[in-house]
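Alright, here's a single protein chain in two forms, structure 1 and structure 2, each given by itself as C-alpha cells.
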Structure 1
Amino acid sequence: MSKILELIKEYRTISIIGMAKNVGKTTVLNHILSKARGKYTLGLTSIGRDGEEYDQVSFFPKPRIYVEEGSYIATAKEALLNSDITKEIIVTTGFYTPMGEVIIAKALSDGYVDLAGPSINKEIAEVCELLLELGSDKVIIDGALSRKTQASPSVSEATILSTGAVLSYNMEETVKKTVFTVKLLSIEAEKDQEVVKVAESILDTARLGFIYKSKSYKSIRIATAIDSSKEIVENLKDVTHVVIKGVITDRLIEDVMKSTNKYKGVTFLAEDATKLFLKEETFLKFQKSGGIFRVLKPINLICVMINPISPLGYSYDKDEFLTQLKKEINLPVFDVIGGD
C-alpha cells in the first residue's frame, strides 16, 4: 500500500492545507486520488474557491483534479458545469458561494473536476457529513490560499501540510517557515479536563473568559476578542487560564506583554491551533517570557508534503530539502513531485 494511504487509512475526513499557492497541494490531492483508485470511494470538496484554470495569484496554469468514476463531489454549480465528468446530481445543500449553490454530484465517469466548496467551517463540516452518508469511505478537503481553517478538528480528523520552493528563493528560509508552521499547528491540548469543561462553558456564551485557581470563572461579553488586551490585562489577578474565542493575533499578544508581567505562568487557551495568527518572533517571545499557549482541540497533523520546484523558475535540491525538513520535523515528510 502507498505510504500516504497507510497514513490516512484510519481517518474519514482529511484536509490538505498549503503554506502558499503553488506548493503542490493539488498535486498531493491527485497523488492520493491515483493511489486510492479501486481501494476507496472518495468524497471531495474544498474550502472556498480553488477551481480556476489559472492560479488567481500567479496566473500560472493549475494542475486539474482527476477523479475516478463513483467518486462524490461537493462543489458550486458554476464549478460543476466546468467539470468534464458525466455526473448525477444527488443533492443540493442550500449553501451558497459566489459561484452558486454547493451541489453534491456523483461521477458516472472518470474525468476532471473543479472544486469550489463552502468557506464557512460549519458548512464544510455538514458537507463532509453528507458525503460520508452518501457512501464516501473518506472525504478529502482541498484548501485555499492562506486558509488553514479546514485543518480545524471541527472539520477534519487529519491534516496534510504542503510546503514548497515557491515560499522563498532561499531553502533555509522555507525550512524555517515550515518548521514554525508545524510547531504552531501542533500546539498541545489542555490536559486538565476540568479546565476544558469550564472553558467550553465560557465559549458557549462569550468570546473572552478567565479561569481561576479555584476553577471558578468569569466571562466577558465583547463583540470580538481581537482588541481585548485591555480587558485581559485588567483581569489577570489569580488567573490560571485566559480563554479566547476566535483568532489570537500578534497585536493582542504584544499589547498584553507591553502592559503587564502578570501573563507569566498564565495559559492562553485557543479553540484550536488554526486560531493562532502569530509570527514566530511573537510566539517565541511570549513563551520565553513565561506565557503559555494551549488549545482545547488539537490538530492531527499527519505528514508534510514538499514541492522542491517553484513555478517562478527555480528549484531546490530535492534530497537536501527533504533531509533538512526531516531533521527538524518529527513527522513523515514526502516529496510531492517524486511521489512516495
Structure 2
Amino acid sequence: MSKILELIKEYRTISIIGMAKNVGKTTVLNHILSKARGKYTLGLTSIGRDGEEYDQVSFFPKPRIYVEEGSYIATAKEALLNSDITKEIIVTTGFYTPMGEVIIAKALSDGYVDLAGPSINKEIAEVCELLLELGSDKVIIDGALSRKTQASPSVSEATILSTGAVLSYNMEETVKKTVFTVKLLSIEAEKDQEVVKVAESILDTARLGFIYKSKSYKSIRIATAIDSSKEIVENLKDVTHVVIKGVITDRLIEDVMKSTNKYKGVTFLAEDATKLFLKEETFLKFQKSGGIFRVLKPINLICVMINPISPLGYSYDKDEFLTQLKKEINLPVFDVIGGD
C-alpha cells in the first residue's frame, strides 16, 4: 500500500489545506485520488470555493480535480454543471452557496470535477455524513487556510498540510514558514472539559468571554473580537481563560501585551488553530511572557506534502527541501511529485 493510503487508513474524513495559493494542493488531492483508485470509494467536497479556474494573481490555469467513476461529490449546482463527469444527481442538500445549492452527485464516468462545498462547519459535517452514508469509504475535503471561510479543517478527523516552493524564492524562508504553520496547527486542545463546555456556551451568544477559576464566566457582546484588546485588558483580573471567537491577529495580541501583564498564566482559547493569524515573533513573545494558546477544536495534522516546483518558474532542490523539513517537523513529510 502506498504511504499516503497507509497514513489515511484509519480516518473517515480527511481534509487537505494549502499554505498558500498554487502551493500544489490540488496536485496532492489528485495524488491521493489516483492512489485510492480501485481501493476506496471516495466522497469529495470542499470548504467553500477556492478561487477561480485561473489564478487571479499569476494567471496560471489551476490544475483540476480528476475523479474516478463511482466517486461521490458534494458541490454547488453551478460547479457541478461545470464538471465533465457523466453525473447522476443523488440528492439535494438544502445548503446554499453563492454558486447555488450543494448537490450530491455520483460520477458515472471518470472526469474533472469542480468543487464548491458549504462554508459552514455544521453543513460540511452533515455533507460528510451524507457522503459516507451513500457509500463513500472516505471523504476528502478540499480545505482552506484562510480568513474568508468560517469553516475549518477541524471538522475532519485528519488533516494534510500542503506546502511548496511558491511560498518564497528562498527555500529557508519556506521551510521556516512551514515549520511555524505546523506548530500553530498543532496547538493543543483545552483539556479541561468543564472549561470547554463553558467556552462553547459563551461562543453560542458572544464573540468574547472570560472564564474564572470557579468556572463562572462573563460574556462580552461586541461586533467583532479583532479589535477587542481594550475589553480583554479591562477584564483580565482573576481570569483563567479568555475565549475569542474568530480570528486572533498580531495586533490584538500585541495590544494586550503592551497594556498589561495580567495575561501571564492566562489561556487564550481560539475556536481552532486556523483562527490564529500570528507572526512567529508575536507567537513566541506571547508564550515566552507566560501567555498560553489553546484551541477548542484540535486539528489532527497527519502529514505534510511538499511541492518543490513553483509555477512562477523556479524550483528547489527536492532532496534538500525534504531533508530540511523532516529535520524540523515531527510528522511524515512527502514529495508528491517526486514520490517520496
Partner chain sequence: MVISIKFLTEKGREQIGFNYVIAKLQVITPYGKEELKSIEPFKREEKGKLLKEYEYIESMKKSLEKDKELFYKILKILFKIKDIRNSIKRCKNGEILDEVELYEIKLFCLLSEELRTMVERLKLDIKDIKLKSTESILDLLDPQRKRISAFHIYDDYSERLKELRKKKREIERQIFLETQKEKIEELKEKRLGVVILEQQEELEIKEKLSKELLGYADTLEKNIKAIGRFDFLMAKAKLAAEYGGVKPNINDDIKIVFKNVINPQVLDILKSQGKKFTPVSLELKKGTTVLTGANMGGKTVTLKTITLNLLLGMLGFFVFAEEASFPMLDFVHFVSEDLQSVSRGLSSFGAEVIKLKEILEDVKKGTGFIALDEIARGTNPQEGAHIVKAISRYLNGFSSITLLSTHYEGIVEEDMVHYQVVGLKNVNFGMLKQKINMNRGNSIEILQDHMDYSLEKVDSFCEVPKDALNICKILGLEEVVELAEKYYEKEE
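All residue numbers here refer to structure 1's sequence, counted from 1. If you're wondering where the values come from, they're calculated on a predicted model, not measured in any experiment. Only the largest set of C-alpha atoms that superpose within 1.5 Å between the two forms is called the rigid core.
J.: Of these two forms of the chain, identify the one that is the form predicted alone.
T.: It is the first structure (the form predicted alone) rather than the second.
J.: Does residue 95 move appreciably between the two structures, meaning a CA displacement of 2 Å or more on the superposed rigid core?
T.: Moves: yes, 2 Å or greater.
J.: Can a Cα shift of no less than 2 Å be assigned to residue 266 between the two structures, given superposition on the rigid core?
T.: It does not, since the residue 266 C-alpha is displaced less than 2 Å between the two structures after the core fit.
J.: With both forms fit on the core, is the shift of the CA atom of residue 242 between the two structures 2 Å or larger?
T.: No: residue 242 shifts by under 2 Å between the two structures.
J.: After superposition on the rigid core, what is the displacement of the C-alpha atom of residue 118 between the two structures, in Å?
T.: Value for residue 118 between the two structures: 2.6 Å of C-alpha shift.
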